[in-house]
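First, one chain by itself: the form predicted on its own, in structure tokens.
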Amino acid sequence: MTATKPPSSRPPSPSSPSPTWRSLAAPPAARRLFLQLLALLPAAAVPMQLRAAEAVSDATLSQWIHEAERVLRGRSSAAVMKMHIERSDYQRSYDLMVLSDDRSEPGKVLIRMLGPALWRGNATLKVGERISFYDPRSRRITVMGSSMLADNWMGSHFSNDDLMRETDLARHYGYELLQKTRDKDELGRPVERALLRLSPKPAAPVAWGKVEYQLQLLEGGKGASVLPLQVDYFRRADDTQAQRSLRYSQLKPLEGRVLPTRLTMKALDKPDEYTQIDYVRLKFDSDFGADDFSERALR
């Protein structure tokens, strides 16, 4: 009869090396060959965490966010767009005209509904921190309080804050570069993709405890050098699941530049619901007058 040896509870001895120990103890020639093969790998195959170690200053990260947030606005712009709302209990579509002017303080935004007929003439105006709604049926102007910034705009998944741009991600948040890797955009152009974590600054008037922002940095291409790709919004800083997500897609020539022409906002707890905005026309550097953003212009 052969006695069975009980399993040892002692840690492995260096004299009986684990696989990791054996790899570290590989002959120098084998390690040199491994490093030479690693150097031949394309940059895209290098794990993203390694490339995230590149030092990028806060000023550069702020400039990336600033450019991405204004890529469809410029210093001033006029746009015609279609908005489609898909909810479990209704579907709705609007034709919109959006004017924006950031050439001087205070910044201004005007959204006017062009159709359908039931909603034609409804308008939202932001001048500085003052936001007003105009209802053509009652011919009344209502001034919105700051508590309404997080409310949905006209039943969509975009908030008043999203469309009126009261929150400035480049100013109200701090930044941290999480990942950076090489890839191609949807047109096959080489880009560098960067993932940034945005944390609100102390006392900043913001609704989100954390924002993760994906950017595409063009490598020597014409037009805008920074394009937004996806923005994930988290209610709290320690949340691991985003509450909603904004995706930029459909890259097309628009006003002499290749820009994302579709914005899709999804509520992640309702996977079948979304609101989609498609740019139809866009004109930068519009020369607006003061009356274009007055409450008189709403009527």
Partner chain sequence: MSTVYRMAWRNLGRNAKRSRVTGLGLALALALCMATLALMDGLSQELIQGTTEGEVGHIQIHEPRYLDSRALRRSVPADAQALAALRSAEGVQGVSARLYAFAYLSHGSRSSGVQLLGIDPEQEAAVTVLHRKRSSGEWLSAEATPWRQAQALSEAQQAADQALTEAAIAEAFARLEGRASSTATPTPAPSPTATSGADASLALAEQLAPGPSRRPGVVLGAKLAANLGLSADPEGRWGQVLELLVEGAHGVQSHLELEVRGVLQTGLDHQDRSRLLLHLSDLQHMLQLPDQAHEIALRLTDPGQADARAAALQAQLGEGQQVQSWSQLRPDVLALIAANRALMGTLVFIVFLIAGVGVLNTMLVSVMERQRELSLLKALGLAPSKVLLLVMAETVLLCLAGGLVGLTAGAALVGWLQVHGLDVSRFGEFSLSGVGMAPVLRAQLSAAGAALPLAMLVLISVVSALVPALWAARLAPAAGMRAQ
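This structure is a prediction, so every number in the text was calculated from the model and none was measured. Residue numbers count along the first chain shown, from 1.
The form predicted together with its partner chain is left out here; the points below concern that form.
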For a quick test of understanding: in the predicted bound form, does each of F158, A170 and G174 have a heavy atom within 4.5 Å of its partner chain? no
Of the options V80, A204, L178, A207, which one has a non-hydrogen atom that comes within 4.5 Å of its partner chain in the predicted bound form? V80
Checking R92, R197, R73, R182 against its partner chain in the predicted bound form, the residue with a non-hydrogen atom inside 4.5 angstroms turns out to be R92
May I ask you to check whether E219 falls inside a 4.5 Å heavy atom distance of its partner chain in the predicted bound form? no
State yes or no: in the predicted bound form, is some non-hydrogen atom of S104 no more than 4.5 angstroms from a non-hydrogen atom of its partner chain? no
is_contact(G115, its partner chain) in the predicted bound form, heavy atom dist at most 4.5 Å: yes
Even though the partner isn't displayed, in the predicted bound form is E186 close enough to its partner chain, meaning a heavy atom within 4.5 Å? no
For the chain seen here without its partner, which of 187-195, 225-233, 211-219, 95-103 has a heavy atom within 4.5 Å of its partner chain in the predicted bound form? 95-103
With the partner left out here, which residues of 108-137 have a non-hydrogen atom within 4.5 Å of its partner chain in the predicted bound form? L114, G115, P116, A117, L118, W119, R120, F133, D135, P136, R137
